[in-house]
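Just one chain is shown here, as structure tokens, and it is the form predicted on its own.
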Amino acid sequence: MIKSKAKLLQLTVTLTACAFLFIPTVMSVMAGVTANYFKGISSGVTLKWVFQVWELYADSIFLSLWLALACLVVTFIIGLPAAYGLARHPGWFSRVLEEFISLPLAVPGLALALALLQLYGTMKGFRTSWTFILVGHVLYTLPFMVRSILAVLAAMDLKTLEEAAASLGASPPRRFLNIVVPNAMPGILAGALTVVTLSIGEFNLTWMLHTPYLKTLPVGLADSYASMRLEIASAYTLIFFIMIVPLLMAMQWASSRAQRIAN
């Protein structure tokens, strides 16, 4: 009887929390396809607000996608060798390096952006380029790529696998490509999805680094809420959800797969 009451209480709390999060989301999405939000759904359903968002903010959407892909490439090129080095040479020095790589996570995004502005703000060509925002995104997302790959590599006997491959005549580059990369693939996939999701949704750092001609998806969303009709802002939210929710679901799947392989 006590267990049944406890389960009922847990279910009630869970459903209440889901409703608290889900209902405002549904209302926001419905506002984006309603002809007049203040009249409600009786005013009719329309996609004109979605098309208007696309006309006004298509550049912001494409910029966010481009930044996310560029960020993924850079973090992969840096993160995979870094994670391999940390896994191959464990010890106090590697732990210090890992904490140093993770340092941007402990610093607020606004503070990190301010530091970048102080260092490179006078470089006008760089300051007004999308690569300036990319640097901030790479600093912010690199720890997630490194740690995702490191968690998978640290769970296997990497040294023994490489020694076995070396005894068969495999060169260091071949061992890296044929042993390390395939075994690290679950971590690479989880890290890649995390990097892309965080880059698309990052606001605080990007808000400080962007220019009027370089608005990303979250910055454009804030701009639409501040200066546009509520229906347009809600339609923008709908587009944001369509882009980010599949990535979040894929990220959860990849993380679960990486944990199963690690165990």
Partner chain sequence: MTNRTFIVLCLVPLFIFSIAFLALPLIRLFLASGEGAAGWSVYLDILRKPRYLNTLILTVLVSLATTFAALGISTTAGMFLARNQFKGRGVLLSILTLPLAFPGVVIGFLIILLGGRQGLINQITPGHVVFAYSILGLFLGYLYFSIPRVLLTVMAAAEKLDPSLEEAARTLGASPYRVVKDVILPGLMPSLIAAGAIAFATAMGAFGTAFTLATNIDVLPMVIYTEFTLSANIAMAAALSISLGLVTWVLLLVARSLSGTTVAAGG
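All figures in this text were calculated on a predicted structure; none of them were measured in a lab. Under this definition, the rigid core comprises the largest set of C-alpha atoms superposing within 1.5 Å between the forms. Positions refer to the first chain, counted from 1.
This next part talks about the form predicted together with the partner chain, which is not shown.
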_Exactly one residue in Leu65, Ile41, Leu56, Ala222 has a non-hydrogen atom within 4.5 Å of the partner chain in the predicted bound form; which is it?_
Ala222
*Proximity of Lys5 to the partner chain in the predicted bound form, heavy atoms at 4.5 Å*: no
*Answer with yes or no whether Ala233 is in contact with the partner chain in the predicted bound form, where contact means some heavy atom within 4.5 Å.*
yes
*At the 4.5 Å heavy atom threshold, is Met208 in contact with the partner chain in the predicted bound form?*
yes
*asked:* How about Trp92 - does it come within 4.5 Å of the partner chain in the predicted bound form, if we only consider non-hydrogen atoms?
replied: no
*asked:* For the stretch 112 to 130, I need every residue with any heavy atom inside 4.5 Å of the partner chain in the predicted bound form, listed N to C.
replied: Leu112, Leu114, Ala115, Leu116, Leu117, Gln118, Leu119, Tyr120, Phe126
_How about Leu11 - superposed on the rigid core, does its CA move between the shown form and the other one by 2 Å or more?_
yes
